[in-house]
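As structure tokens, one chain now follows by itself in the form predicted on its own.
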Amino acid sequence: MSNFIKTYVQQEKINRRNLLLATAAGLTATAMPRAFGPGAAMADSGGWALAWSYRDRASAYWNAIVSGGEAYTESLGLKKEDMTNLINEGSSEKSLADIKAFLAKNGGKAAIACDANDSPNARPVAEAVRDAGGYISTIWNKTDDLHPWDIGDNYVAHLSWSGEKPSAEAAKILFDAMGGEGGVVHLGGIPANIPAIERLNGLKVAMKDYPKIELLDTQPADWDTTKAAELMSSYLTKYGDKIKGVHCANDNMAYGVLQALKAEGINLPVTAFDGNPEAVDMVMKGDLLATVFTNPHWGGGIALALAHQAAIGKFKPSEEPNEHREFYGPSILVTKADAENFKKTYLDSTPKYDWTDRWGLSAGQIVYK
């Protein structure tokens, strides 16, 4: 197991332990230090409290997302600590409760970016923000029948990434490495997550062009490294040498897959998704065939920027076209051929973004099937 993976797993355990200790001590979402009080610096945000609600910062992907929110906060002349972190630890109930508490603490004067954790949770979150008079942008997860313009100006925008197309592209690279035939297994995210659904669909779409590829099994590992290692071990026990390739719905699960394969002395082609620094290094070394980068730093920054700029009246959401309120972010397929240049551009140094260029990197309006 690489040092990065060891650190990731250890940090994830520490995060969960600290959450339990904080809960036991009575430090709930409404009482934790700095949780709801930017203080004097509020004037620089027009009096609006800023927050990002998300799953777990132990993940390199979510760390990049939140760093974008912090970059936007700093662009206002604030400190990054003036953006509140609402960490839901994968609980939709906690996500909603924390957001309601944050709104109540700030008298509704809050601009929030949020991943609702699962799709059904997006509606009660958006309605709670609207009812309190706050503003919110969401990313990744919402139901297809929920649209910002149906809620009103307070639900500013929803940002997602087209997981199907890049997932299919990664799958085709995997199938070619398998010689165009043989069994493949898929490790998915949380079943109700939109990206988990789309990335599995991408695999199935790619299979239409490869009739000799067989999907042996697909099960969720909940975006988790440890669960993925356990699931891959069970796949190996069940299918043995029928497995000729592995398709993962994110990088963190790919790390677990590689750990399980190494434990058995097996080398198989593996693809991933997210473009985290460790995954890109693995692509450069040949441990992974490919990963997909969705520019999480930009996504995290622009989601918070949209909510806050709408709150302070820089633009009126209802006057914008629908493609500015539900839109795809950019994605880049990273292979060994281009990984070095990609790393220099996006990972060795973080690009600086103009947060007033709200839709400059949009990949178009979200399409529902």
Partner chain sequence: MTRENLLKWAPVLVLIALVLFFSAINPNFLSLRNFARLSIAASPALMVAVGVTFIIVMGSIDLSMEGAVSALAVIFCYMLVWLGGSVAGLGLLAVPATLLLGLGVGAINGLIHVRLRIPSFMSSLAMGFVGTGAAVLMTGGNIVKIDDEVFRALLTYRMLGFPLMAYVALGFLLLAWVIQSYTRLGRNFYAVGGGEDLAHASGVNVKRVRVLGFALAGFFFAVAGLLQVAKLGQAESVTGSNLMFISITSVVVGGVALWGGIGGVWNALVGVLIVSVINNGMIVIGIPDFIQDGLLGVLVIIAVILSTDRRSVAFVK
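Note that the structure is a prediction, hence the values are computed from the model and not measured. Residue numbers count along the first chain shown, from 1. Superpose the two forms; the largest set of C-alphas matching within 1.5 Å is the rigid core.
Although it is not shown, the form predicted in complex with its partner chain is what the next lines describe.
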Answer range among 99-107, 75-83, 228-236, 127-135 for contact with its partner chain, defined in the model of the complex as heavy atoms within 4.5 Å: 228-236
Candidate site N141, S160 and S331: all three near its partner chain in the model of the complex by heavy atom within 4.5 Å: no
Answer yes if any heavy atom of S67 is within 4.5 Å of a heavy atom of its partner chain in the model of the complex; otherwise answer no. no
Given that the partner is absent here, does P220 sit within 4.5 Å of its partner chain in the model of the complex, heavy atoms only? yes
In the model of the complex, K336 touching its partner chain (heavy atom, 4.5 Å): no
At the 4.5 Å heavy atom threshold, is K285 in contact with its partner chain in the model of the complex? yes
Can you pick out, from E278, D274, D118, E164, the residue that has a heavy atom within 4.5 Å of its partner chain in the model of the complex? E278
Only one of S45, S59, S53, Q309 comes within 4.5 Å of its partner chain in the model of the complex by heavy atoms, so just point that one out. S59
Once the core is aligned, please say if the CA of K79 is shifted by at least 2 angstroms between this form and the one not shown. no
So, superposing on the core, is the move of L236 at the CA at least 2 angstroms between this form and the one not shown? yes
Once the core is aligned, does L146 move its Cα by at least 2 Å between this form and the one not shown? no
